[in-house]
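A single chain, nothing else alongside it, follows as structure tokens in the form predicted on its own.
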Amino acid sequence: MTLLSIRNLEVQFKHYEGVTTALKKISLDIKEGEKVALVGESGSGKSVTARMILGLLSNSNIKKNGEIFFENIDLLKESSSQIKQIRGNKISMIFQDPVSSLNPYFTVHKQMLQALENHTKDYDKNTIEKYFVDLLKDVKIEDPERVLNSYAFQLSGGMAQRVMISMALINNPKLILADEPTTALDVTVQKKVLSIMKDVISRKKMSMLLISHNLGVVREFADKIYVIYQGTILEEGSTEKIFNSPGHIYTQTLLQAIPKIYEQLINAKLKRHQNTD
């Protein structure tokens, strides 16, 4: 069953030099439990797409047309108060830079509590601590009690990103948007964080839209890939199809841009899986 369906979405920004079209009638679908990647270079419209889904782009200088259906509700027609009830509750987001996304003045516990209370005041105060600890354990944090009482500056980049993932899970959303969630991390930590994300999303049967500029990063993660360039979806298909028989020259160029050593590691891992099947 389709959870999110975007149809002919067009977004234009008015500015002093004229009008810039950020999205040009794009369409995409995400099914329940499906992991989808939106891939393209910087400025292609990836983050604009995510922010439109969340209702974060709304003022008189932004013109938008089309439809964004979530659970058969057109988000573009909902009021700002209704969108706030969905944002962070049924749809959560993991941002690009985990350390700067966390509030430096509050502990992780305080911020997790705030994320919960934004959508519900009716919770058991006697068990909430255990709930937060379990969420942190879900993302492979081995010392959750210490992390709960820590501030952002006391956490490594990888640890902070895992905290952000756990915060996105607090209200058991149906859809998680991840905007370049591993860009600020080194390669070895990237791989670990992506593996954790994939495991948690699969176990909890949630859907995800992963935004990235790197096809190599999404290869082991996504079920389906959309390739976007200058606000236009150029190609879509299963991950296997995109990698084995890309139809558009831009997709082929993105594939060629994957670092060879990274590609070799992916192919070796895929081969090991095939041998054990």
Partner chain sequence: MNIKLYLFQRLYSAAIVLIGVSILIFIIARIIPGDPARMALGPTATQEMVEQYRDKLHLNDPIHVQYWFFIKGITEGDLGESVYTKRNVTTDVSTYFPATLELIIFAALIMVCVGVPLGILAGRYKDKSIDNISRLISLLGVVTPSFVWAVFLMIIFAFYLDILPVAGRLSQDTVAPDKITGLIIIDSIIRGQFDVTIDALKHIILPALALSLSALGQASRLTRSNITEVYDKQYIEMARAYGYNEFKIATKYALKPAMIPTLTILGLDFAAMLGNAFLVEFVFAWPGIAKYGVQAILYKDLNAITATTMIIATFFVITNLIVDLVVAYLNPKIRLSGK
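Because the structure is a prediction, the values reported are computed rather than measured. Positions refer to the first chain, counted from 1.
One more form of this protein should be noted, the form predicted in complex with its partner chain, which is absent from this view; the next part is about it.
Under a 4.5 angstroms non-hydrogen atom cutoff, its partner chain in the predicted bound form lacks Phe132 among its neighbouring residues.
The closest non-hydrogen atom of Ser101 lies within 4.5 Å of its partner chain in the predicted bound form. For the chain shown alone, Val193 is not a contact residue for its partner chain in the predicted bound form, no non-hydrogen atom being within 4.5 angstroms. When its partner chain is considered in the predicted bound form, Leu175 lies well away from it, no heavy atom lying within 4.5 Å. With its partner chain left out of view, the stretch that reaches within 4.5 Å of it through heavy atoms in the predicted bound form is, among 68-76, 202-210, 147-155, 133-141, 147-155.
Contacts of stretch 155-179 with its partner chain in the predicted bound form, defined by any heavy atom lying within 4.5 Å, are made by Met164, Met167, Ala168, listed in sequence order.
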